[in-house]
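Have a look below at one chain only, the form predicted on its own, in structure tokens format.
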């Protein structure tokens, strides 16, 4: 088992090194830009099973649990630790959260918002480049520091190298000696680890499994975030393993390399040219083609749609995706979860029935 530093230990270490801490909500943002300002991003995907009383006081009942848990955690616990908050526009709920923090709650720490484009058109690189520059100038004002192009490119290249290693780990999944839970704990450590530490952890992953994964059935998970994470352990116990994922928090954020030597253009290229994602408004055809490529690579015969309750952005795609997969002969099941609840037994029963039905 790989020893992954705890989030609290990482935050303390980064603070001791003189870095600022940014609480960053989902989903897409230029992580390398923050690092160039000596700001350490710590992502807020919940966390699960927190008291949401504070968040409930500000939000409608139909807002997803990522936002409810995240707002409660931020106001009740994290606001005294972090130096700033960044809220990207990943969906209507997150856009509402940004407005709520800026205009009504007004916490004691600076709040920034970030607006990636919702489509993929020729003009979107230019739009996103301007949005990244706007965030750059805002960070200059907050920190009193203006990193030059060389510094920005250095952080971009470091992030690209990390993503290349992550992609190789995904591609070698069958050979990796980690359970589904261990594998995704490592993948998700990217949410709070610095690039160097995570790169060293990736290099330490043993590649040859003593008990070949060919004895288990490969399945694909698709959704926003693999919470509650005990679903991964349960899938292994059912005689399957997560061979690939289409999670917004995981595989969809392995962007790859940009082409431009202009750092702002390159950061925009990376986000826009990454895997298709519901929160980026990707087309049905792009989503289908990407999931099909995952299926071919790992020979999966089933896709589990793991949806956060009230996530309309993701649910909008499911009917078309499931119909396309059925035409390919790929079985599917859709389960709905709430971050503030344990994995429903009914959902586990449906997943188990799906796994038993595939050869």
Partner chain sequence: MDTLKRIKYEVITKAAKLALKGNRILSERKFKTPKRWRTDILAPPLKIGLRTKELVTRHYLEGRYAEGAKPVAWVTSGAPVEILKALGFYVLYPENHAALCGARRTALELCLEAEKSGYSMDICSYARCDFGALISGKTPVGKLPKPDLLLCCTNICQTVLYWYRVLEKHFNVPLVVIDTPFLYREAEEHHIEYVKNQLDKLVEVAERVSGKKLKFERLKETLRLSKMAAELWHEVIQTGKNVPSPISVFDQFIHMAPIVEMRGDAETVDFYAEMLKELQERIEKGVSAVVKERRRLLWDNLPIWYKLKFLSEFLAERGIAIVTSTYTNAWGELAPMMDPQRPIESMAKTYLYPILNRGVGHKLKTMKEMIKDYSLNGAILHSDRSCKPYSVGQIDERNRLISELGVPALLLEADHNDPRAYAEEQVRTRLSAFAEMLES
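Here the structure is a predicted model, which means the values were calculated and not measured. Numbering follows the first chain given and starts at 1.
The same protein also has a form predicted in complex with its partner chain, omitted here; what follows describes it.
Although the partner is absent from the chain shown here, none of 14, 35 and 157 has a heavy atom within 4.5 Å of its partner chain in the model of the complex. Shown without its partner, this chain lists 81, 260, 143, 282 as candidates; in the model of the complex, only 282 has a non-hydrogen atom within 4.5 angstroms of its partner chain. Shown without its partner, this chain lists 220, 113, 271, 240 as candidates; in the model of the complex, only 113 has a non-hydrogen atom within 4.5 angstroms of its partner chain. Proximity of residue 99 to its partner chain in the model of the complex: non-hydrogen atoms within 4.5 Å are present. Contact annotation for residue 130: at least one heavy atom lies within 4.5 Å of its partner chain in the model of the complex.
In the model of the complex, no heavy atom of residue 328 sits within 4.5 Å of its partner chain. Although the partner is absent here, residue 124 is a contact residue: one of its heavy atoms lies within 4.5 angstroms of its partner chain in the model of the complex. Heavy atoms within 4.5 Å of its partner chain in the model of the complex map, among the stretches 228-236, 72-80, 174-182, 90-98, onto 90-98 alone. Shown without its partner, the chain has 313, 315, 316, 317, 319, 320, 323, 336 in segment 313-338 as residues with a non-hydrogen atom within 4.5 angstroms of its partner chain in the model of the complex.
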